[in-house]
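For this one, two forms of the same chain are given in structure tokens, first as structure 1 and then as structure 2.
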Structure 1
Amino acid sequence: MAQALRPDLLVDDGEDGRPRWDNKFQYLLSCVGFAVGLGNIWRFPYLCQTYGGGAFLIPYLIALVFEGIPLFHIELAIGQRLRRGSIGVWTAISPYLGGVGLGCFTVSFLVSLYYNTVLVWVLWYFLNSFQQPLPWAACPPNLNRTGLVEECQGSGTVSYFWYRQTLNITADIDHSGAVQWRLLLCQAASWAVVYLCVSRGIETTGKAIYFTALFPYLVLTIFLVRGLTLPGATEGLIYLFTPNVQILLNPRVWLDAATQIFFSLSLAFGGHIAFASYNPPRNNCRRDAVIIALVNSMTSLYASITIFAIMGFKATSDHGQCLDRNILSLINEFSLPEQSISRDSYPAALLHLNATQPGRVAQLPLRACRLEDFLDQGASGPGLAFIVFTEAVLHMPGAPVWAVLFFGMLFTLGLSSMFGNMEGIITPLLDMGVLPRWVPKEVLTGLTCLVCFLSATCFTLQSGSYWLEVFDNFAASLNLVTFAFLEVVGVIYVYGMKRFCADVEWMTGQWPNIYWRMSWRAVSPLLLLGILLSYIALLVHRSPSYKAWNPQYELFPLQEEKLYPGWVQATCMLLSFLPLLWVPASALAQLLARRRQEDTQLDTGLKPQDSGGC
């Protein structure tokens, strides 16, 4: 049986004195800024490229309609109706579900640690972009000034700047290395910016969001216009959207589409619940859920077009350089006149020389130069931002300008997502009253940012990028999918479908139609359960390994695959299940507290009162 909410938990307009958004547009921008993050730029295009181009949009749209939007509607509705953060909302629905709110709070804290570290890297690249030539454009000289650094010559200028001059990475996660002070200073600056923007909650984030949410669209548009004028842009877009329907038979495609929707909308973090709690109680949250989800997905598509227009240009440039090296080898070997072989005539010239003098041609170090092979060199995550796209910028005229714009865009994208992460932490703390009410909100926010900063210093070690990968792979995925499943079950089967639909009608003026009710009752929970079981299966069968940057590796510059040491594997398991432990622990604590209360009442001769429950 669901808990009957007390009248004081359901408020009408203006009754609780809670802060409000200045206007509806500010709220929508904040939700869009939280949802639209780095994953829209560096993961969605990679998935489209990997899984059959346009064919990937089919499972993606299905997941959006039956998983993303219904779950998003639930989060906005319960936050707006109960006007609390994640912990307060779930405790109000049922005391036994308070652990869901605590788990979402814990995940938001863990994610904010490593997500802001990515902003540290972005800030470092942004600051290094104000110079000509760019520092990753050429290899530095060695200590004796007699040549270039050997590691850079073996790996390439862009990879060397990322792995050695930025991360100064160790060859093994077991070797922590020293703190990189330049990254620590950038981390302090990044957390200071976050604090300034979130210090007074929506009063300050609501002002900053106008820039942080809109600036990335301006930069994407500038890059798109420029990208479409570059040679090879058409080939990049054709490669991106050429559908391969056969790949839809691969179940991994459907799993990745569902998880991309889930993480792209930032579900189960608690940030959207916190944002919605500052809305007027009778705001149309259904319309907001649809608008924000569609804007998020359209942004992913828009970013893909922009990214692959630039990637097509990069592939065309690399393909041309590959042909030029082969042509030079032929001209030198056969003493041909300069300019006698063009890129267009190269295939015919090579065919002729192969037919007439195959032995000499076979001895040449000729590479197979296929444009498709260069287009296949996709990447996701930091690899796209700090290696692939950074190298593409080098080929563009006025490279520093484009580097400043690109990394400025990434920083504002990540910053607006951090607003939602921090609201998922600070709003529950305020609701729980962890500090006396006379203490200014800025103090609580400052203490929270300071704790996050100190906790995240491990990512500034030389092994920090390995640990960021551990947190990214294990701290969020399993926990968030589980909490989202519990959210749907808690609202629909504990709080009650009829009661929730009545609340939605009270807020929006319309009873949810059959699409919403069927999605909430069956389709969304089953989809989430399928994702959860599939993820657990992948976790069990996947070897706990990582890719290390090791200049001594015989296949360098390829990364060396290594197994995680036992203590790191134990940390991975702890990160995967620690937030989930709040759910049974909280329920058990509530049950024991209720039993003690009943025993006390029996001892004093009083009739036990019904304290609610599930």
Structure 2
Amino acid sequence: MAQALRPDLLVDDGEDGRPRWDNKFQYLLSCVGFAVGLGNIWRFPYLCQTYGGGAFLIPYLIALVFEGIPLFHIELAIGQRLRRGSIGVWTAISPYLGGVGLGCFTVSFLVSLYYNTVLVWVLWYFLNSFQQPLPWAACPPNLNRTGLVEECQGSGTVSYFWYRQTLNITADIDHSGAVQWRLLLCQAASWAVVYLCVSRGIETTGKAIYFTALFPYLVLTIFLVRGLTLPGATEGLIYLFTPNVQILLNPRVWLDAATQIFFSLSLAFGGHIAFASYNPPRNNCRRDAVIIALVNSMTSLYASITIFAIMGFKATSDHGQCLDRNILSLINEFSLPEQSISRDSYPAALLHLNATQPGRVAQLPLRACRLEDFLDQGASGPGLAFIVFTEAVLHMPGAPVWAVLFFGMLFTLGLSSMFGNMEGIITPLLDMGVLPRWVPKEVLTGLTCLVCFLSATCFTLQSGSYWLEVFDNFAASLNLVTFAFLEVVGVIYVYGMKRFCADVEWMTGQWPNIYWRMSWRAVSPLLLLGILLSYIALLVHRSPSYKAWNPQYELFPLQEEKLYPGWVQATCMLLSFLPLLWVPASALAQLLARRRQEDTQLDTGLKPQDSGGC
């Protein structure tokens, strides 16, 4: 038995009226769905590509083994043992650490705001995919129908559809513009779907997760099979997975691998703690942690194979088009018969013409067409999904079907992550008893979704995409790493390693072995500290600039780099540090409350009671 555990926390048979998972598979799927999100699709392949292909897997696996799995095990274990959401768990471990829970709760709230906005964009694209030809296939004609819209001609059809017809983006973050009603409608629908699935907590998400967690795997498989049959897929795979071991000497690679594992597993949000708190107390959380972390990493790899195959196809197709354009220029200039120069004979023909008539050749707008250049054009984040992939889909026969499947997959991926985010918000609220008991749970979730929906309307402004970048860069990264560090330190050093290991033994039947103890005690905290310090160093070094879409820019369609105005920089700082302030603020409040209690008890002559911090 766990000797030092307070009796009121020992719940042996799970009969405390807390909601329960229908079965183990539902719980595993929910955690996998929370962990596997959009980042697995659009962040990991990009990192793989940038950092030397297959060689990136080495720092990634090391980070998984020494940082991801140990931290994940801690979260699941404390959630399952203490059977509370993130705020309750931390107040139970130590009343002075309640701020960590509050901070995680705040970060979950901020992240759910902007994460759902990405879902809104995905939903918009999904709704627009049910037509042939796809709306981003061609430029719309201009007003007097003599040509195409100028901005579209400069930027390309896909970018135009994204920046103008979807976001209707302003040229800088100062000009907020008007609320885009189309995006607002999609946002209402998106939050309605989230509410539908989250309304009764895990009772409803448990049913929804069967679809939202498994559908992406189905679509990924379909895309993999289709992608591998497309021309150029193998070139893409070979080029992008060929390891470049030299790159491991760059410290950035290790930092990015560690951060990728950290964010990929969705640690320190409080969502996993909430999910684990609905488990029966004697559940093998160690095995769960290992399984879920491995599934998450396998999914990343699987997704990157699919993405690389399709990107290889796109690169080959673009390369072919580049060659064709050059060939057409040559044929038109020298009035050669059509199709007299094939793609293979182009270099020889160019050489011959350059030797005989260099003057005329020099005047032509010939671009250098190298396949490697096209393969190198990696993109991550929304750029991959909404610009690069949509363009790739255009070239595939039966484009609307692939677009519908792709955006449907992205939506379900994001939705299952949203469930975890919302649990990270709702479970602490339920545990704290914010609303009286007789108010049904649906009302609480409804109010939460309503508040989130109203707060997130700022992202439907014309400058919304810039704000999303601000939130993405500043609200989540620093705070989550700090909270994870405090988590490890709090559990191992404040709660106590012996006590925690005893709890784990009670739950799983096995005392954690040397690997776990070493990782918890030394390796993970050091890794997290390293990430934290590098983050702060990068933050200080980086100029607070952003890339703006400005049609008036002279180098359009390249994005103009602008500095954040003062008030935006202040907001960035606030977002980075405000959630962290909960920790000292809560500790201070607790200290003052204790002092006051002791003073009043001394005054009235009562013995100081052990308040226990429940």
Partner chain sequence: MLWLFFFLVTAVRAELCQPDAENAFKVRLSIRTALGDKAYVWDTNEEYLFRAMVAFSMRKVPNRETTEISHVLLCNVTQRVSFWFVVTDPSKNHTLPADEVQSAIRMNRNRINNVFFLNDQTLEFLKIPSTLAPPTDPSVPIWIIIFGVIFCVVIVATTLLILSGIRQRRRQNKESSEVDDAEDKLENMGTIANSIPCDSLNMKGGHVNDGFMTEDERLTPL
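Every residue number counts along structure 1's sequence, beginning with 1. Note that this is a predicted model, so its numbers are computed, not measured. We call the rigid core the largest set of C-alpha positions that still match within 1.5 Å between the two forms.
Shown as structure 1 is the form predicted alone, with the alternative form given as structure 2.
Once the cores line up, the CA of Glu333 ends up 2 angstroms or more apart between structure 1 and structure 2.
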